[in-house]
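The same protein chain appears twice below, in two forms, each given on its own as structure tokens and labelled structure 1 and structure 2.
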Structure 1
Amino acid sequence: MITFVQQVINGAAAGSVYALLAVGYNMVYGLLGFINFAHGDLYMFSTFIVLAMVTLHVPFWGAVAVGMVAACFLGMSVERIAYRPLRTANRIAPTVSAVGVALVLENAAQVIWGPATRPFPTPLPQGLFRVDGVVITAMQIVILLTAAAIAVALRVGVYHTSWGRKLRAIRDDLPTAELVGISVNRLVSSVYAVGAALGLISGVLFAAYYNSVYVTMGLTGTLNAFTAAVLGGIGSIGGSFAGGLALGLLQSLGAGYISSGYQNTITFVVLIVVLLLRPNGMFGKLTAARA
């Protein structure tokens, strides 16, 4: 029982990180129906920027601020250069273009910071508590609280502000939204900025939780975020959080009870089964197939 509770707590913390990553992903998908395959690499790259700032003795929160500005800038530039020209192209083109962006970011990070895993020094609390034999780290609490706060903020942002209303208008009908005077390009750009910023927060939490930053966390981040988004339902913000948590729990229980060598297999088998049974995700709305 103690093992079970322990795995659940570990899984919930890891899952919250996935959730924050999945939200950025999901907002773009919900809005434009397009997989931002470079989302994970953006999060990796901007987390490295934070690390580089910290190494240059910039105070931690200053480094996070710089990282966040850089993430927003990167997110918006990538959208402008590689995705916007393809908004009306066939379905394959933007996805492939995003793969190209992911490769560029991965290669750049490799050249600048090297392929080794780097430790991530942080002033975030590192203590731990024991409750009846179950270990809870302060980082896990920080992660869960941050994720919850961001979930609430996003809910308010999307459903109770004019920004959110415009976003939902674009999602429902892009040409009409444009006709009624919504500046679609600016709004889409802002979504990439918000997504990248959330990715940065998730990257910093990930790096602080596991005390490591490495280049390949980009691809695994993309895959985990996508799986979480699909589990929860593409396009649904609440679903991203549910999916992220579900994925975290599955991976940690799978590693604890089945085998840690099959972590990826567990993730993808679950993804395939969910897609076969519920092609729109666990909480997804039924929409016309996007072939």
Structure 2
Amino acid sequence: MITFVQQVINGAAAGSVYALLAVGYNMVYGLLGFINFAHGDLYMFSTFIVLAMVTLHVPFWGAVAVGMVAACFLGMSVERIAYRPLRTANRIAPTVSAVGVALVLENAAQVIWGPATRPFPTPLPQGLFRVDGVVITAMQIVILLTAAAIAVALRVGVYHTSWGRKLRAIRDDLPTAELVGISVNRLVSSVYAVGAALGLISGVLFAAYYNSVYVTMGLTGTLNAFTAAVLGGIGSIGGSFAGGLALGLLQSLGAGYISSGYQNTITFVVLIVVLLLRPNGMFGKLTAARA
């Protein structure tokens, strides 16, 4: 039982990072129907920017602020250059463009920072607590609280603000939203910025939790975000959080009872099973196609 509880706690912390990634991923899909395969590499690249600022002796929170600005700028730039011109194209076109952007970011990061794994110095609390044999780290508590706070803030933003109402109008009928005076391009760009900012937050939490940053974390992040989004329901923000937590728990239990070397395998197995049994995910809804 102690082992089980320990793996649940570990999985909830890792799953919270996946949840933040998946939300940014799902916001774009829910709005435009685009699968943003560059999302994980944006999270990786902006986390490296934070590490670079810390290495230059910029105070940690100042480095995070710089990384946040850089992440938003990158997200909006990618939308403007790689996605906006393809908004009305065949759905395969923006997907291929996203893969191209991901490769560019990954190779740029490798040229700038190299392929080696780097430690991530952080002032975030690193202590631990023991409760009846179960170890809970301070970082796990920080991750869980941060994810919960962001979940609440996003729900308020999407369902109780003018920004959120306009986003839902664009999602429901983009041409009509333009006709009634909604600045579609500006709103869409803001979604990419928010998604990239969430990626930066999840990247900093991931790097602080595992004390490491590496170039291929972008590919792993994309895989986990996509799986969490599918598991929770593509297009559902709440489902993204639930899917991220569920994926983290499944990976942690698999690592505890089978082997930590099979985490990516578990991710693919979960993805295949969900697509076969419930392709709309836990909270996804069936939608009727227009004739």
Partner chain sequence: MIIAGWVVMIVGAVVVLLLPQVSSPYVLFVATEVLLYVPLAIGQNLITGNTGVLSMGHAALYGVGAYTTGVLVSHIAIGVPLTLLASAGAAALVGLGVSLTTQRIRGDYLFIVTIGLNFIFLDVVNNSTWSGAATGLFAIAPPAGGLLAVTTPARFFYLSLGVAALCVLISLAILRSRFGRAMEAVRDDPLVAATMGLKEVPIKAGIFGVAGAMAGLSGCVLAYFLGSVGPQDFNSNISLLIFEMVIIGGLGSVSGSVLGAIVLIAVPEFLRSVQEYSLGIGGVLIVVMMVLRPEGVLGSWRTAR
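Small disclaimer: the values here were computed from a predicted structure and weren't measured. Numbers given to residues start at 1 and step along the sequence of structure 1. Rigid core: the largest C-alpha set superposing within 1.5 Å between the two forms.
The form predicted alone is structure 2, not structure 1. After superposition on the rigid core, the Cα of Thr55 moves by less than 2 Å between structures 1 and 2. Once the cores line up, the CA of Ile258 ends up 2 angstroms or more apart between structures 1 and 2.
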